[in-house]
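As a starting point, one isolated chain is supplied in structure tokens, in the form predicted on its own.
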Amino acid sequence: MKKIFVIGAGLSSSDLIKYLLDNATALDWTVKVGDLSLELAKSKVNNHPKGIAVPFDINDNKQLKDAVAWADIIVSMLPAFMHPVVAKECVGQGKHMATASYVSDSMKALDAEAKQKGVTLLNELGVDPGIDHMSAMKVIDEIREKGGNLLGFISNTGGLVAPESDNNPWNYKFTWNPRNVVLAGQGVAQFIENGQLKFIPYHRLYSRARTYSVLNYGDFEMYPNRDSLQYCEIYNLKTIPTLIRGTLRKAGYCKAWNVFVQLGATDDTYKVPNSEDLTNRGFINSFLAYDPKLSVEEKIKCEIAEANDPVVFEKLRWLGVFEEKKVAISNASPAQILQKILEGKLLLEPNDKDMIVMQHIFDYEMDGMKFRRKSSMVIIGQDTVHTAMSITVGTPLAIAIKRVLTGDLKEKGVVIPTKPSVYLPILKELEEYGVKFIEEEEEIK
């Protein structure tokens, strides 16, 4: 019998836990789910005979040690900064670990010891990172095998609201951590385009959005991610002239979001004094010049060019940013205040569905001709528990866990899914869950 301990029973864990329990009887697994909220853990186990729900606190060192001692593999669905704590204990006790998150420097530092102990540390096996790696490498390897030379690679992903639940002026709802959405794009976006390094600072990022069409779902805006350049090495594309990775939003989002960026309302570096006494209107006004003759609405139009667009202004008004409604959150940064305002309007409703959109665009040359291949995936969630985000984050990770426990995935140390031996079986099984890519190819001049 194999024993699996899942730490964290949040939204992204739903389909992971379901997959593990669905396979537990046939493969003789016991699946233990630990969370600060015992009720949440119980809801995910759902009285399954091979499941156990327990209260779990990652800050309790003895609990962690005991959990690792009990398990054959630990699955960390905790916030990313907590993974290295779990990984260190796993390697120390010679146990496998799995997570959907990016490989951190702390995780990399455990690679040699993990290999020496025969331990597998699975990372980057969610949707992005995860499915993006696997689906991209599949096509990249296919192009290389037939003698093609890659000239460009653009990869875009978005967590969005499904068309049938898209009923607000922003064409957007939170389908992931709202804080991450508010802070998205901060820093400097870096990529390479036609052989030239490009850098876009945060204050210009949302004014440089590009438009992409995905299957029959219409146009989407893309703003570049913080660091695309690292993928030149990860995907062994060190000489490629163009490599850009970006985030997708529905058309019109970036222009409106740029109002908050230009105001400074997404800043998370300081606290606003007496923030609990501010109103939404007072919060916006705090970033605008003092002028008793002008209203907040008039001042924002004077200072922020985008706010003069009637469509953009309607988005702002609909959010309630001009209302005299108390923020009611103390010791908060501007980003935290903005998040609170947005959560009043942009949370998924009980009957809503979310959507994951991913598209890769490969330009390559072969036999003197140039081609463009698009590989696109759109997943619609089932409900607010088995969301598209949960399906695409949890299912590939669960499949990889199964392959470690059955001995089919033999790689040791820190593993990400960029090798065919890792990604091909996972992609094949994902198709059974509706996670598949549609490919289009054309000759280009």
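Quick caveat: nothing in here was measured; it's all calculated off a predicted structure. Don't overthink the numbering: it's just position in the shown sequence, from 1.
The form predicted in complex with a further copy of the same chain exists for this protein as well; it is not shown, and the discussion that follows is about that form.
Worksheet item: Just one stretch in 81-89, 367-375, 262-270, 165-173 has heavy atoms within 4.5 Å of a further copy of the same chain in the predicted bound form, so which one is it?
Response: Looking at the other structure, the answer is 262-270.
Worksheet item: From the list K117, K340, K353, K198, which entry has a heavy atom within 4.5 Å of a further copy of the same chain in the predicted bound form?
Response: The residue in contact is K198.
Worksheet item: Tell me, which of H203, K146, K345, R179 has a heavy atom within 4.5 angstroms of a further copy of the same chain in the predicted bound form?
Response: The residue in contact is H203.
Worksheet item: Are any of the heavy atoms in L288 no more than 4.5 Å from a heavy atom of a further copy of the same chain in the predicted bound form?
Response: Contact with a further copy of the same chain, yes.
Discussion item. V188 versus a further copy of the same chain, in the predicted bound form: is there a non-hydrogen atom within 4.5 Å?
Written reply: Output for V188 is yes: heavy atoms within 4.5 Å of a further copy of the same chain.
Fill in: is_contact(L229, a further copy of the same chain) in the predicted bound form, heavy atom dist at most 4.5 Å
L229 belongs to the contact set for a further copy of the same chain.
Discussion item. Is it the case that I304, even though its partner is missing from this view, gets within 4.5 Å of a further copy of the same chain in the predicted bound form, heavy atoms only?
Written reply: Because a heavy atom of I304 falls inside 4.5 Å of a further copy of the same chain in the predicted bound form, the answer is yes.
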